[in-house]
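Given as structure tokens, the chain that follows is alone and in the form predicted alone.
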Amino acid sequence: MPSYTAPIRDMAFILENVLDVVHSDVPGYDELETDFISAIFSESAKLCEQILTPLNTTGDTQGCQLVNGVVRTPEGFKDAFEVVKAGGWPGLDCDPEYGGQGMPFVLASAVTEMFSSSNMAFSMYQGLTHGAYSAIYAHGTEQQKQTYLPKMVSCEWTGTMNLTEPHCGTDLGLMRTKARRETDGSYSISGQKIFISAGEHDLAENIIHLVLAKIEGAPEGIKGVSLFIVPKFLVNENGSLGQRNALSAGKLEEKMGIHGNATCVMNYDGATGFLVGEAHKGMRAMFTMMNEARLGVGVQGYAQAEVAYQNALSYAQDRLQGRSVIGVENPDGPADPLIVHPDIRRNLMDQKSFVEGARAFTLWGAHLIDRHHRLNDKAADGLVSLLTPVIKGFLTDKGFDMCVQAQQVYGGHGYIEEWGMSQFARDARIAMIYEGANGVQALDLVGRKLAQDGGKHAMSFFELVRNFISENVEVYDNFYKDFLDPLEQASKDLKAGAMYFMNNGMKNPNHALAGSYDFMHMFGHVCLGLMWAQMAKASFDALEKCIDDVAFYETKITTGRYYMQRQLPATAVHLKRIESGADPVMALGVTNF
């Protein structure tokens, strides 16, 4: 059975050395001192390592069962969910007014990684609830907040998001689910939704569905969509549960992965719903939930890569295969361990350098969200809006790739279920698809985010990179050569890609759209390059002070050099593809495929 050890040392390094949270001007960050962070991480790690990790294989092999309209989750899930609830983990960063602990989002994001690595399918139940909480918190009435949020923060009630229908996924303007206004101000909701994660289960006494639907007579297309709270059980005025609502899970989907999470077909047959926010403005409210979900999915992408890497590393250290080409490394054994071979090292270094860079990137994104929410920092909000499709798209694409590479270390054993490696690849695969498939993320990045607010957020990113380079040119020997020069070259590639879109996209939009996926990956590489340059700088600073844990900082610098030399140059390839334009992509006629 695979194992998992929470990377709390690396998480603490990012918060303390790279983001320097305790000296930040963000309200609440002054509490994030070393002892406090250590206590939170240690307790979360214990829960994830001892309770959730052993259930990961159980969830994969048993899956969920739909019995008489009720979904039974895998053995052990319900007891584990009670432990999670008792520890207050679902409400870690939620508003204390509704029972939350009010911690910064950056801390909660690190904890989310642990949950996702240890048991991705399980962690989705509280993760989706948090997203539903955020949508109601931002757009609900005071009565709705008081009615639903305390129970959702505690996960006594869980939440979902209902968007997709059998005939429409990304194009939500085509949806057919209808809402008819009743005389009491509520709405009657009728329609079918598919792919609803945690749509029905036995972990909570109520499920609060957020459902997109069109009010009768609404404008056509996406401008006619509204958002509704549709609880599984209606809630009485005194907060107790009332009658069962007219909704049901009609089917459980058979999936490639995340078997421990119930992915349902949900049928609404005149169910009672309550409007959230303004009529016909449902997408505005839903995007509060979706943007948070996309950051969470980015975490899932690299979190699966983290646990896959840990197991691949252990296997490479123990498995004896062949001899080193430069001399025997294990003279007392019949062969040397796999890890002595350069190609295995390359494989493991790809994984390690990606995961650690991705973690820093995501926690930086969470820090920007904290700046927006706690300081009303508009610039931070604009920057994280630009970066969100990159976090979601790039980190899940590469996270899946790294899971496959970890599987490859095992050779044939990686393909055998006994070793558990296939589950990481299968679970990671969905992250590239849900919450907006990655091709859509690339289109959003190039088609909307680059030009948002006159392009000032993209320009501020380039300025951030430029300033970091100029401020650190002469700080340490070879720092420019090893870290800043590769970052500068990659940033120039990214600018050239953006300029190509500006110069050619207006004449033929296909030129921009055909290069959007490469641009998203190029942007991702530059972001990880920036993170590695910052982590290397922080590590050099620590070594300059002659503090303990020298091996950690030296390892960090060496890993960063690997990324800058072996991964970051990929930006040149992506730029070449972008500058080839749409012609090679569109040249083949539709009938010739």
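Residue numbers run from 1 along the displayed sequence. As the structure is a prediction and not an experimental result, all values here were calculated from the model.
The form predicted in complex with another copy of the chain is left out here; the points below concern that form.
Heavy atom distance at most 4.5 Å to another copy of the chain in the model of the complex, all of T288, S539 and C546: The answer is no: none of the three residues contacts the partner (heavy atom, 4.5 Å cut-off).
Stretch in contact in the model of the complex with another copy of the chain, which is absent here, among 102-110, 155-163, 517-525, 455-463 (heavy atoms within 4.5 Å): Selected stretch: 517-525.
Contact assignment for another copy of the chain in the model of the complex, among E182, E216, E417, E82, heavy atom within 4.5 Å: Spelling it out, the residue with a heavy atom inside the cut-off is E417.
In the model of the complex, the one of Q565, T34, Q65, Q50 near another copy of the chain [non-hydrogen atom within 4.5 angstroms]: None of the other options qualify; the answer is Q565.
Non-hydrogen atom contact G257 with another copy of the chain in the model of the complex at 4.5 angstroms: G257 belongs to the contact set for another copy of the chain.
Exercise: H167 in contact with another copy of the chain in the model of the complex, heavy atom 4.5 Å: Yes, H167 sits close enough to another copy of the chain in the model of the complex that at least one of its heavy atoms falls within 4.5 Å.
Interface membership of F77, another copy of the chain in the model of the complex, 4.5 Å heavy atom rule: F77 lies outside the contact set for another copy of the chain.
Exercise: I433 in contact with another copy of the chain in the model of the complex, heavy atom 4.5 Å: Taking the distances in the model of the complex, the answer for I433 is yes, it comes within 4.5 Å of another copy of the chain.
Heavy atom within 4.5 Å of another copy of the chain in the model of the complex - qualifying residues of 332-346: The stretch touches the partner through P334, A335, I339, V340, P342, D343, R345, R346.
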